[in-house]
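The chain below stands alone and is given as structure tokens, in the form predicted on its own.
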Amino acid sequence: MDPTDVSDPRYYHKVVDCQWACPAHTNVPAYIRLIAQGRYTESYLLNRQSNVFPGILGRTCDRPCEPACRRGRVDDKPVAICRLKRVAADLRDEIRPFLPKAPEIKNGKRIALIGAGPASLTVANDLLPLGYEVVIYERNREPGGLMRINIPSFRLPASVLDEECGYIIDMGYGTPVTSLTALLDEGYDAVFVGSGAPQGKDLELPGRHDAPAQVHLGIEWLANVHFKHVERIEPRVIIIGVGNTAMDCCRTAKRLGAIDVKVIARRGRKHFKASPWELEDAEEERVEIVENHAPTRMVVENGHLVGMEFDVLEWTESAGRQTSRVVRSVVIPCDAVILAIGQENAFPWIERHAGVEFDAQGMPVVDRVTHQSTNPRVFFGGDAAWGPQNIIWAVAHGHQAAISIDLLCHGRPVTERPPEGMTLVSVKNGLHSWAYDNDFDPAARQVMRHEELTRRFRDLHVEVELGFAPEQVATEVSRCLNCDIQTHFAAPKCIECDACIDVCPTNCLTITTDGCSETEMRTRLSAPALNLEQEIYISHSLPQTTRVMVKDEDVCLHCGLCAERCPTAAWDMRLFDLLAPKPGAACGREELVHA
């Protein structure tokens, strides 16, 4: 096998599993170490470089980083990465003096952003410091998009939204957009569409329209609650759907007076779209989750909804395909139904002659790398691009679209993406000691503190999650395995003494002969490398025997024992820092990017 090219930033980036899994590539281990040092402001600012909204995401992120967390392979519970993000946001000092500023002298380019949600705000955050004139068009009075009107305040307080959106929004705000063609005619150099997926999916069943006042579309109902158009709901409520919106609906219903709230799912729990913690929080609030029920009709008597009929299903699996059979039918009494079965995009303001091509599902045709539509001046991101996803994905889209807009405005092909870079610096404090805590802490994952049920049901705006107590923070940060501090090997220094192999607690190191396939090499390790998603490290030939050092990156704890034990310093612990591409870098303005 060819030796591993560790000069490629992607190799070590992939070893930092949490950062690799994060769509915005947030430097998780580094911000956790800063929290451990009590440097909350620095941690927040480091977070903000990539995810832009640490306080918001510390409460609402779907946490793609946590299933990838290496700690989960050690004791089954990942580090509470999302919760620690909130710690930095809650405990930081004033950060405005440290944020990039929009220069008074502009660069002559005008950009229109449609929607003031996370994707558009990210584009503004990236382009404003480079001298772009940015105008945001938003139909609602306050920024935040669906973050504000569809996420209940008991999960995301308005004060957090106001502050983090305000860091960006103060620099320009507009009005609703009724015509893309008219907007393009105003002379904007580029238009970014971040209008979300604002339309709830309906469910056509017998009786659906016979009692319209008692049947609601989930996201529209949540918006009406936000704007105080709805302040009460009937005592018995059925929620159809089992995604995160359904969880927001059922928990909101409990706060508006509902006593008996049931969430109905067609399939079993392992197929639910809602995050596990959202399900746990709902059940803590006495919401009943009913599995394997398919709705068939709404029962309406004398113009009044009194129940809903369901087929009870039994699922079987054969050859990887699941099929169901109806066991029986049941009627569940209810006074209101909330349909939370998904969201759809709506672009009535984009004329079909505006140069933006749409597919058969009514979605714009958008390049997944550049975010450019078939009209080269129009870009899409967030839910508006490919349908509903979590906020962190919208942020990632915004970063990439900002790069494309910057390239377009400087006459460069948007396909010429600026490359990733990295720094790799030894963390030696002495011959065999390191500038980080490499002891393994066996502590269990900390449990989030919650407000008492009686208090949270008295006020819709009481935040349920209280954050970690100081002692919980100290324990949780110690669980991080510092995956960004890499084991770096120098083959010419190795004397093949096997000291590193003897001391490795996970048996991830092996010295073996070369000349085989990767599949066979994976079987030769002291502990076979079974996770094919994670690469194995192959060194250059060793000077004594021409064998190679092989390492399974998947199970390494980054404890540094190999480097401590090595008598020739062939192993070293080096801090990896990903230098993610940003607007400006490809157009010769790096000094602005790092300002």
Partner chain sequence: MTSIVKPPVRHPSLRTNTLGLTLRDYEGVMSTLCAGCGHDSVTAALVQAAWELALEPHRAAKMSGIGCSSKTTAYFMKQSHGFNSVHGRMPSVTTGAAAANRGLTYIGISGDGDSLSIGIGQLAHAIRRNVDMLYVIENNGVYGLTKGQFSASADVGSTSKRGEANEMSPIDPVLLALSIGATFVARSFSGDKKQLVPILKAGIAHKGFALVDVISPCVTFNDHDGSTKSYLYTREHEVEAVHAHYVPVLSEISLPDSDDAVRVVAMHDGSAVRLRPTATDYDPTDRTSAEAHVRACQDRGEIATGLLFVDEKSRDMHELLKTPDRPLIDIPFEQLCPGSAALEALMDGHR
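Numbering follows the first chain given and starts at 1. Predicted model, so just to flag it, every value in this text is computed and none were measured.
What comes next is about the form predicted in complex with the partner chain, which is not displayed.
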key: Answer option from 30, 555, 536, 45, heavy atom within 4.5 Å of the partner chain in the model of the complex   = 555
task = Please pick, from 191, 124, 147, 504, the one residue with any non-hydrogen atom lying within 4.5 angstroms of the partner chain in the model of the complex.
result = 504
message = in the model of the complex, is there a heavy atom of the partner chain that lies within 4.5 Å of any heavy atom of residue 527, even though the partner is absent here?
response = yes
query = Looking at the partner-bound form in the model of the complex, is residue 440 within 4.5 Å of the partner chain by any heavy atom?
reply = yes
request  = Indicate whether the partner chain has at least one heavy atom within 4.5 Å of a heavy atom of residue 67 in the model of the complex.
outcome  = no
ask   = Within a 4.5 Å heavy atom cut-off, is residue 545 in contact with the partner chain in the model of the complex?
value = yes
note = For the partner chain in the model of the complex, the stretch among 286-294, 350-358, 494-502, 466-474 with residues bearing a heavy atom within 4.5 Å is 494-502
Within 550-577, the residues that have a heavy atom no more than 4.5 Å from the partner chain in the model of the complex = 552, 555, 557, 559, 561, 564, 565, 566, 567
